[in-house]
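Next up is one chain by itself, shown in C-alpha cells, the form predicted alone.
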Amino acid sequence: MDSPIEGLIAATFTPFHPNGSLYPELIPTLVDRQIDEGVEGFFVGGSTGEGVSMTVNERKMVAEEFVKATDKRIPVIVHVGRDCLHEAQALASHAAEIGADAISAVPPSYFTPSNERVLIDCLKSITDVASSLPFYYYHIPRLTGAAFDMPSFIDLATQKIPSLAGIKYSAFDVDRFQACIDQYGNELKFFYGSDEMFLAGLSVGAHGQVGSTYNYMAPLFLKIREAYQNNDTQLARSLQSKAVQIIHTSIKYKGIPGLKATMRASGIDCGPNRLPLDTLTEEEFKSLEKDLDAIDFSKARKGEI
C-alpha cells in the first residue's frame, strides 16, 4: 500500500504522573513543541512510549490524545503490537476509528513466531481489521527474538498483507536494510530506527527515520540531513558525532529511562518510567544534567555546535 509518510518521525514518550498514572494533559504540549522544532511525524506507543507496559485502554487513550493534539498537521503512526493478537486487533481497529494515519506492530515475543509464515499470519490477523490504514512492520529482533531476514520476509508478506507499506527497521545490520531499499524501495517505505546511525541510514536511501531522541533533538538531526543533501560530508559527520555523544551520555543512565530523563532536561518532564524500567533517582538525574551540560546539550540539541 502506498503511503506518503516520510522524514523525521519521533518515537514519542508517554507522559506519566509521579504515581505512574497516565498524564494525557501533557500530550498537546509535547506535540506542539515537537512540530515547532521540525518533527515530521509521530510513532506512538512503541518501545520509547512503553506501550508494552500499558493496558489496552491506556494505549487507546494515549493514541487518541496524540491524534487529536496533532490535528492532521503531521502523520501519526500508532503502534498496536501485543502478545495477545485479539488485543492487537482491538488496538488496530481503534487506530482506524480515531483517524490515525498508519499502524505498526511488533510480533508476539513471549511465544516468538517460529518461521516467516507464522509471523505473516500474526501480522495479517492484525492488519485485516484495519485494512484502510498503511501498515509498517516493526523489526526489532533484539527485543522480540524475531530475527528473520527482511528482504525474504517482504517477498512473502507482500503477497498476503495488502496494506503493507514498509518497515520500521530497528536492527543494526545496515546492509540488510539497504537490501530492502534496493529491492523494494520503489514500492514500500523503509524507516531506519537507530538514532546513532542516522547518517548511515541516509547514505543507503532511508525514506525516513523513527527515533527516541528526535523528541528533543529534531533540529540537530534536520541539520544533519540538510548537510548530507548539500554534499557537506564534513559537517554532516560532525553533527552526527555530536548526536552520538549526547545519545551515549543519555543511555548510560539505564537506557530508555536515561532518554526520558533527557527529555526532562530539555524542558518537558514526562514523568517516571513504568516497571520493569527503572526511573532515575533525583541524584542520578542531577548527574545526567551535569554530564549533558559538559557537552553543551542545550545548544547542541538545536544544531548549534
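Residue numbers run from 1 along the displayed sequence. If you're wondering where the values come from, they're calculated on a predicted model, not measured in any experiment.
The same protein also has a form predicted in complex with a further copy of the same chain, omitted here; what follows describes it.
Sort through 159 to 167, 68 to 76, 202 to 210, 93 to 101 and report the only stretch with a non-hydrogen atom within 4.5 Å of a further copy of the same chain in the model of the complex. Heavy atoms within 4.5 Å of a further copy of the same chain in the model of the complex occur in 202 to 210.
Mark A146 yes when one of its heavy atoms lies within 4.5 Å of a heavy atom of a further copy of the same chain in the model of the complex, and no otherwise. The answer is no: A146 has no heavy atom within 4.5 Å of a further copy of the same chain.
So, in the model of the complex, is D173 in contact with a further copy of the same chain at a 4.5 angstroms heavy atom limit? Within the cut-off, so yes.
Close approach of V56 to a further copy of the same chain in the model of the complex, 4.5 Å, heavy atom: Heavy-atom contact with a further copy of the same chain at 4.5 Å: present for V56.
Y184: heavy atom within 4.5 Å of a further copy of the same chain in the model of the complex? Judged by the heavy-atom cut-off of 4.5 Å, Y184 is well away from a further copy of the same chain in the model of the complex.
Members of 272 to 298 lying within 4.5 angstroms of a further copy of the same chain, judged by heavy atom, in the model of the complex: Result: R274, L275, P276, L277, D278.
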